[in-house]
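Quick setup: one chain, the form predicted on its own, written in structure tokens, and binding and motion questions come after.
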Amino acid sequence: MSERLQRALASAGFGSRRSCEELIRAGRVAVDGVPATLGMSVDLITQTVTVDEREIVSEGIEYWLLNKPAGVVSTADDPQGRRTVVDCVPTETRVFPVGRLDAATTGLLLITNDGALAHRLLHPSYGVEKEYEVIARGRVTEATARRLSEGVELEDGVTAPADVHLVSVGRNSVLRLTLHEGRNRQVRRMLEAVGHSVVSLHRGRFGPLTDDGMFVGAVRRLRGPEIENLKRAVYGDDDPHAKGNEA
């Protein structure tokens, strides 16, 4: 929700409102990279506010991006005692992963406590894209790539059309798949359905979020503009935060 900038700064621990006003007047505060002005309103959930180039964040709702390493399970806790994706996030807030990647798969996973956004991101009607790089065992032909793109029969029904690009073919083949649905172990099952096992699988994009600049195992908070783009992908012009309502 939007609030006066000096009030947001005071709530974040930068002193009294009067001292926060002085920070703004001194040009030490920026909103989305632009010097702030006294009296402006901000939304710490969707905008990036910095004091002396240090970002401040809203309490309550958190958004984290993890480039999941292999061997980590996509749950909040695990009865077998394995390391979970939530263990990778440096927060005391109760958060959860949006969707899943199986333990052997690496790549991007959003972790948050924004249930409304998570629901929309996972709902098939919104068709949020997920892009994967796959190393498949054996020589994948152009005909097989077309089969994958047109949809293949799985035990839970025919897959939706996908964007499939055959990057290279050799002893093993490299493919880039962009899916608009998110079934359990979908990429692995699709490859198995056309006669190829998966050697390795990495998700490099989730909606507007990419793994650019993130090594496998890295985790970071989402920046204001990234959160805004993520919400725009499923809310469009009906983003509740843009209207000053709770998500």
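In this text, all values refer to a predicted model and were calculated from it rather than measured experimentally. Residues carry their position along the shown sequence, with the first being 1.
If you look for the form predicted together with a small molecule, you will not find it shown, but the lines that follow are about it.
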{"property": "Region of this chain that lies against the small molecule in the predicted complex, out of 31-39, 48-56, 186-194, 207-215 [heavy atom, 4.5 Å]", "result": "186-194"}
{"property": "Non-hydrogen atom contact residue 144 with the small molecule in the predicted complex at 4.5 angstroms", "result": "no"}
{"property": "Distance check, residue 159 to the small molecule in the predicted complex, heavy atom within 4.5 Å", "result": "no"}
{"property": "Partner proximity in the predicted complex: residue 102 to the small molecule, non-hydrogen atom cutoff 4.5 Å", "result": "yes"}
{"property": "Heavy atom of residue 222 within 4.5 Å of the small molecule in the predicted complex", "result": "no"}
{"property": "Answer option from 65, 44, 61, 201, heavy atom within 4.5 Å of the small molecule in the predicted complex", "result": "201"}
